[in-house]
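There is one chain below, alone, in structure tokens, taken in the form predicted on its own.
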């Protein structure tokens, strides 16, 4: 048995693991990727012969990764999936883990969930076509494999990562046909509100300015208040991407403009990966600016399930800096819960980092919160696929809502028309389904709720169950 099992080797998971290992506790970290770093610090494969990737603007990332990989008390299990959290008759908690072929149970006194986030899906006519990709997928190919997803690219979204990605693509040799931002660039008053967030985060603002300079130098059209409308493709030709001018509430105000490209990279925000927390019985709260449903926790990042702590994007999508700080604080809290005290200087340092990162996170979340109703409205065409796994269309969902006037929750819609019952278990459709239910009944998205999560939270071979100790 380990003292602590950590799910996720991103900045939060690595920071928490180091705090615990330095306290003399045995730690095991499980991650689906081949190397530590998470999505934000995605690294090339070992076969490339390089240890590190590009971590700008996070200068602390290199030391964090090296310290994590070299600590003797940290056991790592990469390319393995945690597909459930179990509890035996004696009340002992354990993780159900699959390596793609077999399954095993990892018992631990405490569990830290640091599972990060994924790109928020947006359903619209043509979003299932090849070449329509999330910004994270395009960036992952570039970071880990040094590959461009396509030569001619349109970048569309509302999150600042779009500008960073655009600069990275341009520097890698891509040709950007356009960058479409659903919102306007920050005005004077908005920029003034960012001033309290600058201390401790200068490198992030500097990187944003550098990205804007790269975009300007390449003379890429930067379309403000412009929203994706639809995508079409004829045969094996390029994508025909329709972009439409919108007002401050993201409502269409003009005719669509068409662009041709190999790839459409979408980035309207991120969604916390809370499936394991849900399956384990942790309570959630709705926080739209923080990415949607987030895990409830106390000041020490302990959830309502006594043995389980959370850190990183599950508490609200806020970037690598805050994830790192939360990992430090959560690690110290877990150690304390196991009877091991922390160095007061380390505690003060972690709290200072957390406070600084929270200022930055609050500003970014407020400035770039997606308009979820406007995005869900893009899916209204009856033939638009809502649930990719089960191929449920917008028309089918609308029919179910019309024929069942008391169907008011996402889970009820799941039972009625199978949205969220496929391989992804609702990751791609939950947000759209909940928003559409809220629009249909003229209520808030939070009232539509979320899908329940069941074992397995991710697809694993059936044989993985047979290896678990009953």
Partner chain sequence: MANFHRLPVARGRPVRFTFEGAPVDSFAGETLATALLAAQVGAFGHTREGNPRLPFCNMGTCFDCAVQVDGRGLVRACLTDVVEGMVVNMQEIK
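All figures in this text were calculated on a predicted structure; none of them were measured in a lab. Residue numbers count along the first chain shown, from 1.
Although it is not shown, the form predicted in complex with its partner chain is what the next lines describe.
> Which of these residues, 100, 252, 281, 341, gets a heavy atom within 4.5 Å of its partner chain in the predicted bound form?
Here the answer is residue option 100.
> Please pick, from 358, 377, 262, 307, the one residue with any non-hydrogen atom lying within 4.5 angstroms of its partner chain in the predicted bound form.
Contact with its partner chain in the predicted bound form is made by 262 alone.
> Report whether the minimum heavy atom distance between residue 47 and its partner chain in the predicted bound form is within 4.5 Å.
Flag for residue 47 set to yes.
> Should residue 22 be classed as touching its partner chain in the predicted bound form when contacts are defined as heavy atoms within 4.5 Å?
Flag for residue 22 set to no.
> Can any non-hydrogen atom of residue 427 be found within 4.5 angstroms of its partner chain in the predicted bound form?
Within the cut-off, so yes.
> Applying a 4.5 Å heavy atom distance criterion, does residue 399 contact its partner chain in the predicted bound form?
Answer no; every heavy atom of residue 399 is more than 4.5 Å from its partner chain in the predicted bound form.
> Counting heavy atoms only and using a 4.5 Å cut-off, do 118, 136 and 140 all touch its partner chain in the predicted bound form?
Every residue of the spot touches its partner chain in the predicted bound form.
> Spot the stretch among 32-40, 435-443, 60-68, 409-417 with residues whose non-hydrogen atoms come within 4.5 Å of its partner chain in the predicted bound form.
Result for this chain: 32-40.
> Could you list which residues of 337-368 come within 4.5 Å of its partner chain in the predicted bound form, counting heavy atoms only?
The stretch 337-368, when checked against its partner chain in the predicted bound form, contributes no residue at the 4.5 Å heavy-atom cut-off.
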